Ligand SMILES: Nc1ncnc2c1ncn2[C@@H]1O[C@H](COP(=O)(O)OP(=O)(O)OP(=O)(O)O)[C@@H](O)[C@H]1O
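Just one chain is shown here, as C-alpha cells, and it is the form predicted alone.
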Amino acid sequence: MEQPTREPSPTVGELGETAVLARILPRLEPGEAALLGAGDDAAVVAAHDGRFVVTTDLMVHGPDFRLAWSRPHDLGWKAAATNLTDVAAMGARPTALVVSIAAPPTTPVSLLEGIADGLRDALDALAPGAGVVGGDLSASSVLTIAVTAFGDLDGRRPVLRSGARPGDVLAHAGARGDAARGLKVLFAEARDADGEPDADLADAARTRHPLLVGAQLAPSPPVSAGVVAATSGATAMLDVSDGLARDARRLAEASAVGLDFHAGALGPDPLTAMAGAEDHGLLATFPAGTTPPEPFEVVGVVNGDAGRLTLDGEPVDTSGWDPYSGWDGGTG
C-alpha cells in the first residue's frame, strides 16, 4: 500500500511568532513548581524556603551541534539535560526552565516542535515535576537555543565546588568518555566525501553505535543524583561538561586541594575518560571514611596538593572542551 505523502512543514517566517507559539506551547508542561506559567510577561515559580538556584546555557549551531547529525528531539533533550545537571550539581531539585530560541525565518516550524518535544521528554525522564514556564522566539542567521534553569534547595545548603578537604573520597556518577567516543564515531562515519556532516550517515552510525552516539547527541545524565549527594553529605560537587580532568581542576582550585584519580576506576581507557567532554556526569567529594551513595562510584581521593591533578600520582593533562579554542582532546 502506498504511504500518504507528508505535507511539508511551514516555516517560522511564514507563520509568524504568535502562530509558532500556538503550535509549541501545547507540547510543553509548566511543571509542579509553576504558580503561573507561560502567557503573561513573566512566570511565577515557587521557591519554598525563599531561595532558588538558577543557571543558563547556550547551544549554537556549529560549535555545539550540527543539524545534519542531531534530530530536533535530540536538540531539545540535550538543551534540557545540560542545564538540569548544573542545577543538580548544586544539590538542588530542578523545578522550571525558561527556553528562548533564535532561528532563521526559513526554519520549518516542525523543527521547533521537535525541540519542544525533546524538552518535554527530557524533563519527564530526568526531572519529573519540572516544566517549561516561558521563553522567547527571535530571528537569527544561526539556530540558537538558550535555556535558563531553576532549582529548589528544599531547605538544604547548596553544595559548592569549594568544600572539598584533604582525605575526602572523590566520586563520580554518570558516563565517563562516552560522549567523546560518540563524537569520534560521528566524525569518522557520518561525513560525506567532502567532509560535511551527513544525516543519513549519522543515522547509520547511530544504529551501529547507539550508546556512544546517543551519549553525544542526547545524553542522559544522573540528574537525581545531585540531591542524593547533597543529602548524603557531599562536601563539594560540580557538573562534568567540559571534560572530567578540566572540570576536576576547577574543583581542586576552588577548594585549594589536590585530586588523585585511580586509573583502574576509570575503565579500560582512563585518558579518554579524563579528557572526554559533554558526558554531564557529577563529580563530588564525600567525607573521609564514608561510602558514596549510588550511583556514585569512587574514582580517587582528595589530598593536600593544592590545585594539582594526578592520575595514580602522575600529572594529567587537563585540556577539554573550550568553545573559543575548539575541542582539545582530538575529536574535532
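Numbering starts at 1 and follows the sequence shown. This structure is a prediction, so every number in the text was calculated from the model and none was measured.
One more form of this protein exists, namely the form predicted in complex with the ligand; it is left out here, but the text below deals with it.
Site accessibility, open: after C-alpha superposition of the site, the ligand as positioned in the predicted bound form shows no atom within 2.4 Å of the backbone or C-beta atoms of the displayed chain. Comparing 122-130, 221-229, 165-173, 235-243 against the ligand in the predicted bound form, the single stretch with non-hydrogen atoms within 4.5 angstroms of it is 235-243. This chain lacks the partner; the member of 161, 191, 181, 249 within 4.5 angstroms of the ligand in the predicted bound form by a non-hydrogen atom is 161. Of the candidates 297, 57, 29, 305, 57 is the one whose heavy atoms come within 4.5 Å of the ligand in the predicted bound form; the others do not. When the ligand is considered in the predicted bound form, residue 86 lines it closely, a heavy atom lying within 4.5 Å. Taking the ligand as positioned in the predicted bound form, none of the residues of 196-231 brings a heavy atom within 4.5 Å of it.
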